[in-house]
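First, one chain by itself: the form predicted alone, in structure tokens.
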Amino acid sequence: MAEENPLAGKSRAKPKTAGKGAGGKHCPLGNARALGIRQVIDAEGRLTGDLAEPDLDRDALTRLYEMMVLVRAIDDRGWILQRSGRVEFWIPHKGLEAVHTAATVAFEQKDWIFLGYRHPGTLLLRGAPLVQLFAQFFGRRDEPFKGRRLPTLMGDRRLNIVPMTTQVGSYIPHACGAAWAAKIKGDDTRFLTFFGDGSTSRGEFHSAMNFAGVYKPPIVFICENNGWAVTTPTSVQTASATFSQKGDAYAVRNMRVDGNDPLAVYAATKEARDLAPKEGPTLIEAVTYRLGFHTSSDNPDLYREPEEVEEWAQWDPLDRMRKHLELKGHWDDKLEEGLWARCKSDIDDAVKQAEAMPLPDPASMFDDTFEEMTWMIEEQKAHLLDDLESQP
């Protein structure tokens, strides 16, 4: 995506900390074992990690890979739609496909998931139709949030998926409280929540960790450490050697995994989910990297080095998973070509259907705020309608 960057090539001073990332010179995954980052496969898809290969059959492995490819294809199209003015905003997820897809597969349909940014695969794996996602991207009336949320801030209570808020990390205590409520009720439901490395600098993260350590709710916290909280690198985000070790302060079980290794993410998350009734919460730091922009309003060339991106690109989760499938005899070039063609065709259909859907009535933005509309809301609504009527 960098070649589409309108600011590319312009000279601009970079912060001294840029590029320090998370180990090695830029990428720690080649030295994962020494850094306590658990892996199943290496960059070539070989079983060389310190985690055992999870018990997933051919269908489950290919389904996981196919979803990762679809997520990448959605991102490719979403970027184009935003740059062409058809979608107002975009939060890219290139390079981050493995964490949320593999973790979702590790949980059961009855479990609740609190989303962060960049997680379309979770909804699709839970059964949401592709057109629903694009209706949300386009802000259409009949999607679950009635066209009121920023693109890619998704969710669907029918699928036990709670959407992310724009205030990063603010929902972590909510997820923890929901898990505690389930424990009090005696439900077997487990909970999963995603958040970024920047969220660990907020008070809500620490409140949730403290609560989780004391009351042991059945929840898995996954911190997607992609090396950058927008423009803030890990080196100035925290003085801790890792994000996972923050769990030690609160007596919360914790571990680091290779977030670009979907098999490692699945294995770690599945184990944490299974242990939740007895062991309580687990904090998983998934070490990963966003290869593209933070958002469509971002220009990463201003704060990170191209060598850093190139080094991480060698650990692209799609490439690794495909190589692993090929080594097992489950995949080949013909299947790969067919998969991409199918994803693009399905996206074409979803875009066409979603873009044809009606937009929400502007007056509907005042609905669902209170059970009974207050006089202030009524007054604001009347002002809006008057203004709209006065416009040609």
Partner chain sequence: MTPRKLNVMEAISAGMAHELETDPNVVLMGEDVGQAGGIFRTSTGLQQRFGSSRVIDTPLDEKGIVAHAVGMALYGLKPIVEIQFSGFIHDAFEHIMFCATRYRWASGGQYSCPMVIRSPSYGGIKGGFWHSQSCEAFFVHHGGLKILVPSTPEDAYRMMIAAVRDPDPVLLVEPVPLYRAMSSEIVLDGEPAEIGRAEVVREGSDVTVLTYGPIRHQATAVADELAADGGASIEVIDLRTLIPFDIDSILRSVKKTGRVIVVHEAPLSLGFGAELAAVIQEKAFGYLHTPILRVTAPDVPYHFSIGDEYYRPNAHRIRLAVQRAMEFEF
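Being a predicted model, the structure only gives us computed values, none of them experimental. Residue numbers count along the first chain shown, from 1. If you superpose the two forms and keep the largest set of C-alpha atoms that fall within 1.5 Å, you have the rigid core.
Keep in mind the form predicted together with its partner chain is missing from the figure; the text below concerns it.
*Asks:* Tell me, out of Trp112, Trp79, Tyr303, Tyr250, which residue has a non-hydrogen atom within 4.5 angstroms of its partner chain in the model of the complex.
*Replies:* Here the answer is residue option Tyr303.
*Asks:* Name the single residue among Lys94, Lys216, Lys146, Arg126 that comes within 4.5 Å of its partner chain in the model of the complex, judging by heavy atoms.
*Replies:* Going through each option in turn, the one that passes is Lys146.
*Asks:* Just one stretch in 277-285, 159-167, 181-189, 255-263 has heavy atoms within 4.5 Å of its partner chain in the model of the complex, so which one is it?
*Replies:* It is 159-167 that comes within 4.5 Å of the partner.
*Asks:* Lys25 near its partner chain in the model of the complex, any heavy atom under 4.5 Å?
*Replies:* Judged by the heavy-atom cut-off of 4.5 Å, Lys25 is well away from its partner chain in the model of the complex.
*Asks:* Within 4.5 Å, heavy atoms only: does Asn299 come near its partner chain in the model of the complex?
*Replies:* Judged by the heavy-atom cut-off of 4.5 Å, Asn299 is in contact with its partner chain in the model of the complex.
*Asks:* Decide whether Arg202 counts as a contact residue for its partner chain in the model of the complex under a heavy atom distance cut-off of 4.5 Å.
*Replies:* Output for Arg202 is yes: heavy atoms within 4.5 Å of its partner chain.
*Asks:* Indicate whether its partner chain has at least one heavy atom within 4.5 Å of a heavy atom of Val236 in the model of the complex.
*Replies:* It does: once its partner chain is placed as it appears in the model of the complex, Val236 has a heavy atom within 4.5 Å of it.
*Asks:* Check for me whether its partner chain, as it appears in the model of the complex, comes within 4.5 angstroms of all of Leu359, Phe366 and Thr369 - heavy atoms only.
*Replies:* Looking in the model of the complex, the three residues Leu359, Phe366 and Thr369 all sit within 4.5 Å of its partner chain (heavy atoms).
*Asks:* In the model of the complex, which residues of 116-139 put a heavy atom within 4.5 Å of its partner chain?
*Replies:* Heavy-atom contacts to its partner chain in the model of the complex: only Gly139.
*Asks:* When you overlay the rigid core, is the Cα of Asp368 off by 2 Å or more between this form and the one not shown?
*Replies:* It does not reach a 2 Å shift.
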